[in-house]
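Given next, in structure tokens, is a single chain: the form predicted alone.
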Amino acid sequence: MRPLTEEETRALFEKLARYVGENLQLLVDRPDGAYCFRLHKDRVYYLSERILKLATNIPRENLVALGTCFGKFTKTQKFRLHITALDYLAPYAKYKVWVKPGAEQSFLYGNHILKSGLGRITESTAQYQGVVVYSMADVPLGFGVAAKSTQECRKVDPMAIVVFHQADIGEYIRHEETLT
């Protein structure tokens, strides 16, 4: 467990900023204490500084996980966001997409969102902008990348992809052995 280098921090914050924008500062400076990001075995963990101080008593080789896993760095040093970060990103999300009940299951199986399954979309969402996907009952289901801007979504074919799938809560079941 170590602090992130400058390059790792930049990659992490660029990825998080795609989803939460300037609300990124609210993740670190919270009213219930200071929080930080730490790297352990290529995975980035989000934890309070109080827990970090307690964890220094555990040898590094015995430490399995600490805090909440936000994602991992690939071998090419790109940051990949995990679904375990959804509970922290959803309240601060700048751009949101709501899917119809019929399209929820398709999204939870790892498929992209089609125009026919789109319920609502945040106004002024740009193309390739990170979005958090919600059900019509405002339950966060996952996140993705907008394939079309809000303006383009209004006049596109019903079978066109409007949101590219990135991660969904169905991954807890599909990949439970690899999520930490």
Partner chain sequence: MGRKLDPAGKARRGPGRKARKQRGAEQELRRFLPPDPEDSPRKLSSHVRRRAAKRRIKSARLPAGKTTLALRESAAPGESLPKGAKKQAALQDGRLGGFSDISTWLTPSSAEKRPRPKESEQDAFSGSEELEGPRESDGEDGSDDGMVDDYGALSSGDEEELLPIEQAAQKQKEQDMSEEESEEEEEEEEPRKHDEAQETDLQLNVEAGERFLLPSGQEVEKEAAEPPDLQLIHQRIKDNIEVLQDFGTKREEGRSRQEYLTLLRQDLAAYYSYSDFLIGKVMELFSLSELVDFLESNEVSRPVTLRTNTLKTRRRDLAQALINRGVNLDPLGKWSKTGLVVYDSSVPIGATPEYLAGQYMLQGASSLLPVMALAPQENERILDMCCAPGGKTSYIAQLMKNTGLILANDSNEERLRSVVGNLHRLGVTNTVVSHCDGRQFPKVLGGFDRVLLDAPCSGTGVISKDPTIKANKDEKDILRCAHLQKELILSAIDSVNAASETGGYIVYCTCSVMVEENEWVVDYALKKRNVRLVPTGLDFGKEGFARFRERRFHPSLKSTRRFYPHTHNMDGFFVAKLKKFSNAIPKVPQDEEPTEEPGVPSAREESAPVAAAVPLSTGGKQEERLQGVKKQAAKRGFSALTAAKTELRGESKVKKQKKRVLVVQRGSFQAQSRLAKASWSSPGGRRTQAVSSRQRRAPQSCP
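Treat the numbers as computed from the prediction; the structure is a model and nothing was measured. Numbering follows the first chain given and starts at 1.
We do not show the form predicted in complex with the partner chain, though everything after this point is about it.
- Checking L27, C153, L114, C69 against the partner chain in the predicted complex, a heavy atom within 4.5 Å turns up for just one residue: C69.
- Here the chain stands alone, but in the predicted complex its contact with the partner chain, taken as any heavy atom within 4.5 Å, falls in 168-176 among 5-13, 18-26, 168-176, 154-162.
- Although the partner is absent from this view, V139 contacts the partner chain in the predicted complex, with a non-hydrogen atom inside 4.5 angstroms.
- The closest heavy atom approach of E61 to the partner chain in the predicted complex falls within 4.5 Å.
- Contact annotation for Q105: at least one heavy atom lies within 4.5 Å of the partner chain in the predicted complex.
- The partner chain in the predicted complex is approached by I51, whose closest heavy atom lies within 4.5 angstroms of it.
- Residues are counted as partner-facing when one of their heavy atoms sits within 4.5 Å of the partner chain in the predicted complex; in 70-104 these are T84, D87, Y88, E104, in sequence order.
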